[in-house]
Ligand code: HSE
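This document starts with one chain, in the form predicted alone, laid out as structure tokens.
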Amino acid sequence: MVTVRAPATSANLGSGFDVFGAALTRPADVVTVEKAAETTIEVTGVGAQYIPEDPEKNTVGAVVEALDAPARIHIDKGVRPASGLGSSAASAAGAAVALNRLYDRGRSRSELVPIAAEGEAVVSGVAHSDNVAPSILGGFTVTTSEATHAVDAAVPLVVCLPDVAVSTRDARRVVPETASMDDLVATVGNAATLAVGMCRSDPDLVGAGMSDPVVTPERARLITGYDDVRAAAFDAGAAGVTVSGAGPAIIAVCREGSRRRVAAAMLDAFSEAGVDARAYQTEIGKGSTILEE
């Protein structure tokens, strides 16, 4: 038996659509695997009732097939589905790390990223790695079709999750197919600024680099109260605010000592919009961790 804690993640971070990702210290999934002749999946925890246990429909099924590692798998969900916090990625990442160890497949963490991404395709229709990469590797990640690069970064964060759902498929449908040259140049400049900020663990640079004139405005329209929540976070001292992944979670980069104020302000703003929400005071953290074997 192998048990792995796989962290929630935030993808895109505004300017890094389908490229940037960050592991969060909380929340997380816990995945336990045991060798078996035939794969079975049991899901408990937050939102478990919405997650299929059929291996052909669950993200971990593709991971089992890729590693040729049949198992009894238990997923204790700490990351709510349809949250914008990499829920399906956390399960796939945890399963990849656990099954690799259980069957001694010898794959490196980097080699497990595309395997876990195949699991993501079951849910979103696209085998993208911007969530699974940080959930496996930890830190701030930059993922391209060629490779994934990760760097540790000490950046305080608040993630505010409203009690509404936005599916990844729906969020991808609103992404514009074209962008103006001015918007492209602005986005590239912001993404470069954010990456430098992460390498320096500088919340102000990271926040300045989050702005995205192309994708975020379209996805923000799917989130009730987004503009007011964003404004409230800035008023409370946030350095940058954007949609986390596909949403509806909203992520704020915070200066030291401001997380509690920012979290309270974001919750109040959602409440005024008539939306219940939960806030996580978190930071960029480690990737999937083996808890027991």
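All residue numbers refer to positions in the sequence shown, first residue = 1. Note that this is a predicted model, so its numbers are computed, not measured.
Same protein, other form: the form predicted together with ligand HSE, not shown, and the subject of what follows.
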Report task. Sort through V60, A238, V229, A246 and report the residue having a heavy atom within 4.5 Å of ligand HSE in the model of the complex. Result -> A246
Query - Stretch in contact in the model of the complex with ligand HSE, which is absent here, among 39 to 47, 23 to 31, 238 to 246, 264 to 272 (heavy atoms within 4.5 Å) - result: 238 to 246
Report task. Check whether R172 has any heavy atom within 4.5 Å of a heavy atom of ligand HSE in the model of the complex, and answer yes or no. Result -> yes
Query raised in the report: Should N190 be counted as a contact of ligand HSE in the model of the complex, where contact means heavy atoms within 4.5 Å?
Result: no
Query raised in the report: Is there a heavy atom of K77 lying 4.5 Å or less from a heavy atom of ligand HSE in the model of the complex?
Result: no
Query raised in the report: Hey, in the model of the complex, does S15 get a heavy atom within 4.5 angstroms of ligand HSE?
Result: no
Query - Contacts with ligand HSE in the model of the complex, stretch 195 to 221 (heavy atom within 4.5 Å) - result: R219
